[in-house]
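Single chain ahead, by itself, as structure tokens, in the form predicted alone.
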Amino acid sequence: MGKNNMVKKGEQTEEKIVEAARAIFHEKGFHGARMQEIADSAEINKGLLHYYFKTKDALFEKVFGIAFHKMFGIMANAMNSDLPLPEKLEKFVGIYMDVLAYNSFLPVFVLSELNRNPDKFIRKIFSVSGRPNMEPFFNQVKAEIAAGRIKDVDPRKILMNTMSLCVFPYVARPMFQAIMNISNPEFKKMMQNRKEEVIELITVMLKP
């Protein structure tokens, strides 16, 4: 086998491991996931898994980094686009909630890390993806306010409220499911419907 083919096969194996790990972290969280289970899902032996990722922490950091890089990219692309403000917010909510649904382990992990060591965690996530530039979005909101199309509201609050409405159900998911006695498929359906609900809430909040 040529060197290029070996490199390509190695990359494919790593991608397979990462996707298997993402699915298991999504289902069971960091603490519930087991390296043997991840190896079985990736259809490799545990020794090969440890060749690529020596510890579960290292594997989780890889999965986390990919997810956060994608999430920050979505924020930047949506908020810095030339779309009108209502369409921009609708696009942001839709894609952001899709990322959360695909990586539901993220919110609880982020909350845990922010409580444990916020400065270190912030440095780590910005080293992975860089700080998103929100200034174009903030300036667009200010222009909409000046034109009288939306009420006078701090642009930072719009971003904070929008993200909070999207992410909080995933943070409190076990509590919500226990209180409302809903299954995982029912929760997933509720989150799909929530995209429109979040947009409606933000629209009402911005109405002049």
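Keep in mind that what you see is a predicted model, and the values were worked out from it rather than measured. Numbers follow the displayed sequence, beginning with 1. Each form is matched to the other, and the largest set of C-alpha atoms that superpose within 1.5 Å is called the rigid core.
This protein has a second form, the form predicted together with the DNA, left out of what is shown; the following refers to that one.
Checked against the DNA in the predicted bound form, the residues Ala33, Ile158, Ala67, Cys166 give one hit for a heavy atom within 4.5 Å, which is Ala33. Proximity to the DNA in the predicted bound form, defined as a heavy atom within 4.5 Å, holds among Arg149, Lys28, Lys56, Lys62 only for Lys56. Proximity of Leu48 to the DNA in the predicted bound form falls within the 4.5 Å heavy atom cutoff. Not displayed here, the DNA is approached by Ile44 to within 4.5 Å at the level of heavy atoms in the predicted bound form. Under a 4.5 angstroms non-hydrogen atom cutoff, the DNA in the predicted bound form lacks Lys189 among its neighbouring residues. Contact check for Phe176: no non-hydrogen atom falls within 4.5 Å of the DNA in the predicted bound form.
Annotation: in the predicted bound form, residues Lys9, Thr13 and Tyr52 each come within 4.5 Å of the DNA through at least one heavy atom. Heavy atoms within 4.5 Å of the DNA in the predicted bound form belong, among the stretches 178-186, 35-43, 150-158, 136-144, to residues of 35-43. Superposition of the core reveals a Cα shift of 2 Å or more for Thr55 between the shown form and the other one. In the core-superposed comparison between the shown form and the other one, Met35 has its Cα shifted by at least 2 Å. Once both forms are fitted on their rigid core, the CA atom of Val198 lies less than 2 Å apart between the shown form and the other one.
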